[in-house]
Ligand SMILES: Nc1nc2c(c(=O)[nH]1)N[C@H]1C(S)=C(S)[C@@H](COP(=O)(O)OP(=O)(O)OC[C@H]3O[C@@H](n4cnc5c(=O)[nH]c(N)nc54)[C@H](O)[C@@H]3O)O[C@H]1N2
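Read the single chain below, which is given as C-alpha cells and is the form predicted on its own.
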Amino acid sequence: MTNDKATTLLDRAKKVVRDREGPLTRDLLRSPGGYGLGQVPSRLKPDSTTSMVCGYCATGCSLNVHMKDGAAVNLSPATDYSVNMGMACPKGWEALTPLKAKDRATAPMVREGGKLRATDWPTALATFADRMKAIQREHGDSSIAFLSTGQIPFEEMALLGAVAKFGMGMVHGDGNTRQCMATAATAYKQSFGFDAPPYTYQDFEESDVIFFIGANPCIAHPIMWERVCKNPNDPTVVVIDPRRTETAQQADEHVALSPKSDLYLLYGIAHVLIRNRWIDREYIEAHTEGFDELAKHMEAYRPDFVAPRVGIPPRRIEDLARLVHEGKRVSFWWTMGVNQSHEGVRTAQAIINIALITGNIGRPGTGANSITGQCNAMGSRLFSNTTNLLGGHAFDNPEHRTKIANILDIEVDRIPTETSWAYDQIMEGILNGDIRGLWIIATNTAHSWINREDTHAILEKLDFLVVQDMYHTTETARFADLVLPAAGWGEKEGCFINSERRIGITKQVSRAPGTALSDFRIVKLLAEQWGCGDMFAKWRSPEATFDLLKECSRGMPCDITGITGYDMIDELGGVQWPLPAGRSVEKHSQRRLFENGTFYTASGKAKLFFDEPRPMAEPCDNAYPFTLLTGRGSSSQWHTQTRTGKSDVLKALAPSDPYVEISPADAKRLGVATNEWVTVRSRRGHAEARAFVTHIVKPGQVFMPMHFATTNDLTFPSFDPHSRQPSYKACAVSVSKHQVIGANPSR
C-alpha cells in the first residue's frame, strides 16, 4: 500500500468513526499508549532511552530501547535487569526489525471476489459483528469461537477473553499456549493445587546438580543457559534427550534415551531412590500425600525392567538416582520435550514427584521447574479467560463466578458455567460443523497446528474466519475472510509474565503503521460495534485493566494486589507473583515458592500422581521405520518465523531450506550425502528437505526443526488425555533419496 493511500484510509476511518461512533470511540482512537491511529508515543521523551521486556520467549529479558525524534532507532540489552544482566539472544538484538516489514497489515482487509481488499475500520467492524451474529442466530452461541495467543500483553488477553465470552456469548476459546504449556499447567494444578512454577532464575546459579529433561536451553533459551554457565558451584549437568542437542554436547552427562520413554526412566530413578531409602521421609510425611501408593507403584520399575524400554543400561539408571541422592541442591528443568507428549502430564509429575520425595523444592537451587515457551504464556495461563476464569479461577465454581462478576460489575449469568473446549476440540468442532465462525488473534494456526494438511481443510470449512495479526501474509491470513491489522510488540503497552513468574512491562516506542491498532483497541471497538461496549467501560486502558485484574487475583495464589501500577513494575525491575497488598519487595528481588512446604491444595500438601506408561500412538514399522523428532533448530528463529523471518540478520544465522538430521549409518544405507534433497514421508503427508548427516541423532531417528511449515505436514495428531496438548515430538516416517538433486523440488 502506498503512503498516500494509507493516509487517505486513515483520514476516512477517523472521519467515519468520529461521525458514526460518538465520544467513546473518539476516546479510544486518541488515548495514549499507541492505541490511536498514528498516535505518537506519549509516555516517553522524543530523545531518550527506556527499558522494556522482550516480546519473544518467556525468559523475559529487558532491552534498552534508544529513541530519536519520538521513534525507536536501536536497542541494547539492559545491564541492570536481574533476568538477563546485559545479555540478549539474536532475536532480542533484532526485536525492532519486524515492525518495519513491508508486509505489515496497515488497514483492515475484507475478502471480495476471492481476494482480500483494503477497507476502513467501520466497514471491518460492521462485517465482524454482522457475520458473527448471523452465525450465532442460525446455529447458537457455541457456533463461534476464538483462538488466542501467548504473544500479547495479558491486559489484551483478558479483554479479549472477557468480551468474547461475557459480551459476545462465545462459549469456546483457547490459546496457542495449549501447544506449549498446557501440560506443565495441568501437572502443577494437580500436584500443587495451582499452576505455580516454583523457581527463580537464581536457582540456575545455586544448584550443584542440574537435570534438563526434554530441554535444549542453549538454543531455545540461551540466556538461561548463560545463567547456568555463571554457576560458581561447578554443577553436574545432565541432559535427558534422545538427540545429542547443543545443550547435551555441553553437559557432563547425556542420557540418550529412546524417544518418549521418559516416564519409564523417571519411574526407574524413583524406584532406586525409594528402594535405597534415598528419600526425605520427614519432608514426605509433612508435605505430601500419596507416598505409600506411589512407592507401591514404583516397585515394578526395577532398572533391569526399565532399561530395555529406555535403551540404556540398568547401571546408568542406578547412577542417575545416586546423582540425585548425593546432590545437596538438585534442580529439574523441562520444556517441550516433556510437554508435547502423549503422556506429558504424568511425565512432568514424575519429575515433580522426584523433587518432592527428595526434598528438592522450596530451597535455593532446587525445584521441579517448567521452562515456559512464549513471552506471555504465563499471562495467558492466568488471565486469558480461556480455560480458566480470570485470575486462575474456575468457570464451574459459583463462588468464583460471583466474585469476578462483582469486580467487573457485570451480571453473573454472563459468565459461562462450563470450561471451554481445548484447541483440538475447537478444531474438531469446526470439522463437525458445530463451530462455523472463528476469530484467530496473533497466532498462525495454518502453520503451527499439528497435521497441517488437515488443518488447512478444517479452516476452509468455516463460514467466516477473522484473522487479527501484524501481517496480512501469514499462512492463516491467506484463509481469512476478514483481516484486522494489529500493532505489534513495541507499538503498544502492557505486561508479560515470564517463566519465573516475573511481571515485566512493555511500552510503545514506535507508531503502528497505517491504520493498524493495538489488539486492546480493536477488541474495544468490536465490543462497541457488537453492542456490549458498556459492559467494559471500566477497561479504559491497559493500565486500568491491570487494576481490574489485580482485584481478580485478590486472595488467589497469584495475588498481585500489592503492585501499585506500571511505574512500580518498571522501577523494581519486574515483580514476581505473588505480591499481596501490604507486602513489599526490593528491586530485582528473587523469590521462589513453597519455602515453607505449604502448597495450594485443600490439605496444604502436594499430591503425588502416577500412571502406567502408554505406548506411542504411532510406532515405527517397515513402511515408516524412522522416528521423527522435532524441536527448535536455531536461537535466531522463532515459532513459525512470522516475525524473525523479516530480519535479514536472523535469516542469515539459520538455514533457509528445510533440513533433516540423519545419522551417518542411515545416510550410508540410503545413499544420501549432506545437502542432498530427500523426501520425508508420514501417513499424513510428505516434506522435501536437505539431508544433514550427523551423529547428533541416533540410527533410526531423524530430526526436523519446527520453524519450517512443512514439518507439520508430517506430525501425528495425538494428545495428552489430561492437558490435551499435542504430541509434536515423535511420529513414524520414512526417508528416501529424492530424484531431483541439487535443487529444491518444491520450488
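Note that residue numbering begins at 1 and tracks the sequence as displayed. Because the structure is a prediction, the values reported are computed rather than measured.
Although not depicted, the form predicted together with this ligand is the subject of the following passage.
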Task: Complete contact of Ala220, Thr245 and Thr630 with this ligand in the predicted complex (any heavy atom, 4.5 Å) - done: yes
TODO: Choose one stretch from 638-646, 400-408, 279-287, 228-236: the one whose residues place a heavy atom within 4.5 angstroms of this ligand in the predicted complex.
DONE: 638-646
TODO: Verify the contact flag for Phe479: yes if a non-hydrogen atom of it lies within 4.5 Å of a non-hydrogen atom of this ligand in the predicted complex, no if not.
DONE: no
- [ ] Consider Met336 of the chain shown here, and say whether it contacts this ligand in the predicted complex, taking contact as heavy atoms within 4.5 Å.
- [x] yes
Open item on the list: Can you work out whether Cys57 and this ligand are in contact in the predicted complex, taking contact to mean some heavy atom pair no more than 4.5 Å apart?
Closed with: yes
- [ ] Flag Tyr600 as yes or no: does it have a non-hydrogen atom within 4.5 angstroms of any non-hydrogen atom of this ligand in the predicted complex?
- [x] no
Task: Residue (of Ala162, Met470, Leu389, Ile505) lying close to this ligand in the predicted complex, criterion heavy atoms within 4.5 Å - done: Met470
Open item on the list: Which residue, Asn216, Ser499, Gln349, Ser331, is the contact with this ligand in the predicted complex, using a 4.5 Å heavy atom cutoff?
Closed with: Asn216
Open item on the list: Need the contact residues for 434-456: heavy atom within 4.5 Å of this ligand in the predicted complex, sequence order, or none if there are none.
Closed with: Ile441, Ala442, Thr443, Asn444, Thr445, Ser448
